[in-house]
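As structure tokens, one chain now follows by itself in the form predicted alone.
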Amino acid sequence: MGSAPSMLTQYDIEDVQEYSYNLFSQQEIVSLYERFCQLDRNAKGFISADEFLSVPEFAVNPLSQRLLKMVDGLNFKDFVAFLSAFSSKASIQQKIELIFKVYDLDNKGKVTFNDILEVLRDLTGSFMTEKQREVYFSVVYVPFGFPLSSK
């Protein structure tokens, strides 16, 4: 499984299946491998950020730049593990962990006021001013105990 063009063995399939919490069937893993090989245009055995951007649904996602930081350089096994969080079979915990990683911009283990504002910037673009974002944050998040500072 070192280079992308090689064929998956039964052992590889079972290994990836276990690594991704058994959320994908063996046939789904084979299909994901075929897609991985299509994305890995240079057959390096991993997918670069530019190759991920060739997926139209990914490229138009307002959070794509955040997700790119998470997926740049993934090998096939990690690619499937990343996708497992999007599976309908994934646990709520797996989904929450992925969402948390998207919001925790500095990877310090907590989501700050600035992290939330940055995500709001990505999601709203020019449709909201900075002041409107801050007001939104204070109305929606402060009542639940989120501070208005990044400390």
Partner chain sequence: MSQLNSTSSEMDLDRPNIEEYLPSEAIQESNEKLHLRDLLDISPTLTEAAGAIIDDTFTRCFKSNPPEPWNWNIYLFPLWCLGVVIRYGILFPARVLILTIGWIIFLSSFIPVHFLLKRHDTWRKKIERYLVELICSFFVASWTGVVKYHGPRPSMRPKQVFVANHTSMIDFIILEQMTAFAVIMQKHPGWVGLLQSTILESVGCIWFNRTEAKDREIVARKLREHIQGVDNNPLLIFPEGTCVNNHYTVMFKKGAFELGCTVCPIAIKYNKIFVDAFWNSKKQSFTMHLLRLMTSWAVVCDVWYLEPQNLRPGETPIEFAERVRNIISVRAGLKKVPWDGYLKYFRPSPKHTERKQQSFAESLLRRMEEKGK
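Being a predicted model, the structure only gives us computed values, none of them experimental. Residue numbers count along the first chain shown, from 1.
As for the form predicted together with the partner chain, it is not shown, yet the points below apply to it.
A.B. asks: Does the 4.5 Å heavy atom contact test between Lys44 and the partner chain in the predicted complex come out positive?
C.D. replies: Flag for Lys44 set to no.
A.B. asks: Using a 4.5 angstroms cut-off on non-hydrogen atoms, would Tyr11 count as touching the partner chain in the predicted complex?
C.D. replies: Residue-level check for Tyr11: no, no contact with the partner chain.
A.B. asks: Indicate whether the partner chain has at least one heavy atom within 4.5 Å of a heavy atom of Gly109 in the predicted complex.
C.D. replies: Although the partner chain is absent here, Gly109 would stay clear of it in the predicted complex, with no heavy atoms inside 4.5 Å.
A.B. asks: Does at least one non-hydrogen atom of Lys69 fall within 4.5 angstroms of the partner chain in the predicted complex?
C.D. replies: So Lys69 does not count as contacting the partner chain.
A.B. asks: Enumerate the residues of 101-120 that have a non-hydrogen atom within 4.5 Å of the partner chain in the predicted complex, in sequence order, or give none.
C.D. replies: Those in contact are Val102, Tyr103, Ile116, Val119, Leu120.
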